[in-house]
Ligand code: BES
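In structure tokens, one chain follows: the form predicted alone.
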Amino acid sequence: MSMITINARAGNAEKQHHDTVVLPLLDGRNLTPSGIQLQSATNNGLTAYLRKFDTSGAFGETLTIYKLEGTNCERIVLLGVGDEKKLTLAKLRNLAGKITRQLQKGGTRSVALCLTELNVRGASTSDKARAIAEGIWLSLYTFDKYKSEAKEPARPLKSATLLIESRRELGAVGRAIDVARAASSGVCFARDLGNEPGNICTPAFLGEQAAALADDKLQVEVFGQQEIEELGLTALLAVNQGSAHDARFIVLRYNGGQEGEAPIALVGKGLTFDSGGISIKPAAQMDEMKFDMCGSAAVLGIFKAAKELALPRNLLGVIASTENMSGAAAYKPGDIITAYNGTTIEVQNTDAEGRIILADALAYAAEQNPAQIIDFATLTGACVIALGGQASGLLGNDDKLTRALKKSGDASGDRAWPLPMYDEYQEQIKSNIADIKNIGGREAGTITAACFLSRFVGKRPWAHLDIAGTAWNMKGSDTATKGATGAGVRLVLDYLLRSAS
């Protein structure tokens, strides 16, 4: 997707020549410093408008003033912030997205925003600039390639300028905008992959998209059916048996760190369509099972962002990709599968296939001696019941890693919430005739799925992100249209940036 230009500048609102200048308005119609300065420069021109119109400063409320005397822009938009004490980076990001969409519909071509002056507890100017820039870029994402008459804005927004108070902060703010651009680019790439229909986004297509990322610092290998057999990825092959499309096993190696430095492994579930197999899903909303590959999309989105940022870390990406269909050769409840690391699995439900293909992917990743392993998967409906669409589930075997990921989730707005993995939960996946079974019953379904995955990572520090509730949103939001969200990309990119520094 094309991305509008965002930059930063130190300056006063009344001197800007943009189509639109956005000023914050606090609860109770209170102005911020930029508004007070503009008020003075326009001989109290704002006061008359605030008295004339019923504007309270409530969150998201707007008042547009055209050709205010004493200013150089076409219009001033007062943007309600609400109670500044309750403002967070997530709310600031959403606010930027909300006003951006509104301005684009109204025909604004260039805008200056005085939003970094808002007080967000614990956030620097750079933190606020990054959140605002992400809100702008993410809110403008669309996926309309299959519409015969795609509706392009009559006057699309071309540029946005973040006005800051001090020139001394321009360098840091510029770097924050660079991070926001890479993060947004990675998220939008992941959204594109997730939104593709299952008849286009096959395992072969996913492999082609991964291969297209390759360059001097990023090597990509895409293994086909015969090579998968030769590697011994038998769990992946078992799930693939019922599909007319061959599986793919994708390995990415990004060399941005020091030579010999152990990589951080990112592992993604790439189910390009999940019918449930023999344990078939209900027909309602089965079309949304094209999103079952959003874990792999997150991995590819992070690699794209890492490349754009020249991230100084070594990364290993591993993606297992197939469909889960109910063809004549499909695997069945009661089958016994032997995974890549030799663990035997009793299949009790063929719709718990994601953990089976991840078994091979995680075991393969662990064999490469990574420093850490982080996996992404639309794994369990139980996680949707537990957390809804507000946070991804976060589990693992290393408290330091899960705490760091939780912190990055909070900072990035791509939130994750930790769930326990007590030893007692492992009892639920014990099998009478194999090492483990692929479901643990109704209780604690997200946790027992993670317990299953834990059998394939060895002693490596490992974290699991269950993005079943966050990977797509059919209602849309201020920063995302209906469909794939790119969940996991900003969270883990933030974690990688923090660990690199």
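These numbers come from a predicted model, not from an experiment. In case it trips you up, residue 1 is the first one in the sequence shown, and so on.
We do not show the form predicted in complex with the named molecule, though everything after this point is about it.
Heavy atoms within 4.5 Å of the named molecule in the model of the complex are found in exactly one of 137-145, 68-76, 392-400, 266-274, that being 266-274. Exactly one listed residue, out of 382, 218, 231, 419, brings a non-hydrogen atom to within 4.5 Å of the named molecule in the model of the complex: 382.
This chain is displayed alone, yet in the model of the complex one of 360, 414, 353, 323 has a heavy atom within 4.5 Å of the named molecule; that residue is 353. Contact check at 4.5 Å (heavy atoms) against the named molecule in the model of the complex: all three of 289, 468 and 472 pass. Proximity of residue 439 to the named molecule in the model of the complex falls within the 4.5 Å heavy atom cutoff. The named molecule in the model of the complex comes within 4.5 Å of a heavy atom belonging to residue 349.
When contacts are judged by a 4.5 Å heavy atom cut-off, residue 281 counts as touching the named molecule in the model of the complex. Taking the partner from elsewhere, residue 378 is found to have a heavy atom lying within 4.5 Å of the named molecule in the model of the complex. Contacts of stretch 99-130 with the named molecule in the model of the complex, defined by any heavy atom lying within 4.5 Å, are made by none of its residues.
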